[in-house]
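This document opens with one chain alone, in structure tokens, the form predicted alone.
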């Protein structure tokens, strides 16, 4: 029996990456996909729709006809539709948005890290799954074994987050800003660095520079604030670091995680500088072995200049499932303090890939149930 899976928000950035990954992995075989739209119901869908028209994403009866719903539509859609839908539907809901992550009846999914928790939740009858915060997911893909071994007393993560984490419109504005700055630079003699700098700064400060999306220049600069404020001086993005890390790993007592989240002018890879306070002194060789054993995608990069320049950058990692971690060394504060740097693709392990993989897990669960 094929599984009827509805897709909402599949045209957006995360949804498009999800469909591409599903196609690459042959995930549509044996599925009965149904495609929904918030604004273009009745129009043609992607090839996997096999000629069927798009369904209205607000149609609760059409949604309820699916065994599984995968939403990349965003938090407002989830807030509006999910509570009403649950009154008449008991299927599996898989969501990229943050809305349901901290719901007691939802599991944040990152199966290379918390596959056992996901299976336990399925055994308990849980049917709501949410992809985690992109920065948290990427950090845990690289560093989860340290937490799982009970070695982490606390963590500070300083992030360098790509434009993609804020959405497609933000990515396009970054490119427009780059074009404006490049144009300003080409009007200045290239051999005079101070003149080029002056022209670039004037262009960045100009009211002509596109910044309706970010509210500030990002190209050639950075923005030290992501998401809205929360009461203790953090932004919500920073709050998620502790809340979601502890929920994903099921840590008790919770491990404090904090830091400052910064938007930088890269397109789709998030990077993080990590400072771990370990519960005991652990030799670096043991740390490296532990991290390397975490999953098949993590790569431990030697703490050397050439390796760091070529392997530990957004340029190298963008568009791949690789999650390198490097710059591993003991900090001057003491032998139990560990420094590290990691980078990963925000649209893959930070967004689409955990959804794709939990859909496969649910599909296997349904297949087993149908044979019982």
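Bear in mind that the values here come from a model prediction, so they are computed numbers and not experimental data. Positions refer to the first chain, counted from 1.
Beyond what is shown, the protein has a form predicted together with a small molecule; the following relates to that form.
- By the criterion of a heavy atom within 4.5 Å, residue 14 is counted among the residues contacting the small molecule in the model of the complex.
- Among heavy atoms of residue 74, some come within 4.5 Å of the small molecule in the model of the complex.
- The shortest heavy atom separation between residue 164 and the small molecule in the model of the complex is within 4.5 Å.
- The closest non-hydrogen atom of residue 351 lies within 4.5 Å of the small molecule in the model of the complex.
- For the options 126, 275, 149, 168, the one in contact with the small molecule in the model of the complex, meaning a heavy atom within 4.5 Å, is 168.
- Just one of 257, 219, 110, 96 comes within 4.5 Å of the small molecule in the model of the complex, counting any heavy atom, and that one is 96.
- With the small molecule omitted here, the record of contacts in the model of the complex names 30-38 of 330-338, 316-324, 44-52, 30-38, defined by a heavy atom within 4.5 Å.
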